[in-house]
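Single chain ahead, by itself, as structure tokens, in the form predicted alone.
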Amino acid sequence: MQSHFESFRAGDIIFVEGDAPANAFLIESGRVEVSRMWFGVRHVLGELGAGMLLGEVAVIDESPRMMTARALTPCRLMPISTAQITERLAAADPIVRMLLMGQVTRFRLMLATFTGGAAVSRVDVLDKPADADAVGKIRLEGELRVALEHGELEVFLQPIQEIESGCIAGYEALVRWQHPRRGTVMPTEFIRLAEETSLIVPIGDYVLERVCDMLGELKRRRREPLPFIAVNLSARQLEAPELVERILGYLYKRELPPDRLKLEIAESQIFHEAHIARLMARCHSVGMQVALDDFGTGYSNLGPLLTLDFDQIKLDVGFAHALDRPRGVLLVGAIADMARALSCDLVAEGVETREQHEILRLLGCRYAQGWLIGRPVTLEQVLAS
């Protein structure tokens, strides 16, 4: 069986300056010297040891080797193929990829400058176009920060109906961004971008405060009974210290009862159940309800329902769409029975037809949400209805 490692004796040349980059290496054992020719004289640039990478720069930017590598001691190296590196680069965040390529480019330029080499041209380096995806992402992130600072993000309310009574019991808060040049930016784009950075926490706080303002206005207009508003929490928000206390501060400032704000946690965000359990216990101690969102989206398992005391289970939209099939009806019926056994309210999202609505009523689902019930609207439209 052929070993995945390559062995070199002391003094062996591993690769030579100017070679095409066949692969990089991880040094498992031994010491490697890297050097470069400068006006006909070889200059040692450094030594590398176990656990360090060798020759990766040339593979990353697909350029000739700029150094010669020689084994100082017996060495054992693990080859890392070009495909392994390029696949990981392709899967990386485009901003991280652009930062890495910028560092590689500057490294080559400085090395050529200080050693008098001609392997890289300053013009060629500076003329290389930046990664378009990365530039667009950086620009969008900056614009999102400005939109947040200027209060340009809008919060819409999608109605949630209590099926048996036919009344609108509450709403789900949905954040939207109307970009001055691009028009509507889909939440899937800018929320994902915010979740990759620290922006998601201030955006989450912005939405929570805006929702509390909306509840305060509904209370001032004597909307009875005062509807609840459900707010989705991100994974980063869940990790933020004193989250519940901050939310209570928003509510008490506006003299609002905590039970009118419902928190929704997607099942895919439940990584540390003990932490979520403490957060839920604090919510329940002040009368605030917590819903398990997106149940059945592919991450679904029953583990969280064994350990976490959710007040609601929100079915993914796919379940409502499956009600035209016998198996779909049977599955939703089984989930409805489970929710009743756990004393949870069941909320069906994505309800679009009267047939779906009627089946959900017969199955004992308490709440329905979707275009049949109503599309997302502004607070002004809610007040006018």
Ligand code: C2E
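Just count from 1 along the sequence shown to find any residue number. This is a predicted model, so every value here is computed, not measured.
The discussion below concerns the form predicted in complex with the ligand, not included here.
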{"property": "Region of this chain that lies against the ligand in the predicted complex, out of 234-242, 284-292, 218-226, 68-76 [heavy atom, 4.5 Å]", "result": "234-242"}
{"property": "Contact label in the predicted complex: residue 21 to the ligand, heavy atom within 4.5 Å", "result": "no"}
{"property": "4.5 angstroms heavy atom contact with the ligand in the predicted complex for residue 61", "result": "no"}
{"property": "Partner proximity in the predicted complex: residue 333 to the ligand, non-hydrogen atom cutoff 4.5 Å", "result": "no"}
{"property": "Heavy atom of residue 33 within 4.5 Å of the ligand in the predicted complex", "result": "no"}
{"property": "Heavy atom within 4.5 Å of the ligand in the predicted complex - the one residue of 207, 148, 279, 80 that qualifies", "result": "207"}
{"property": "Interface residue in the predicted complex among 248, 85, 98, 174, criterion: non-hydrogen atom within 4.5 angstroms of the ligand", "result": "174"}
{"property": "Output flag, 188, 191 and 352 jointly within 4.5 Å of the ligand in the predicted complex, heavy atom basis", "result": "yes"}
{"property": "Members of 310-332 lying within 4.5 angstroms of the ligand, judged by heavy atom, in the predicted complex", "result": "317, 321"}
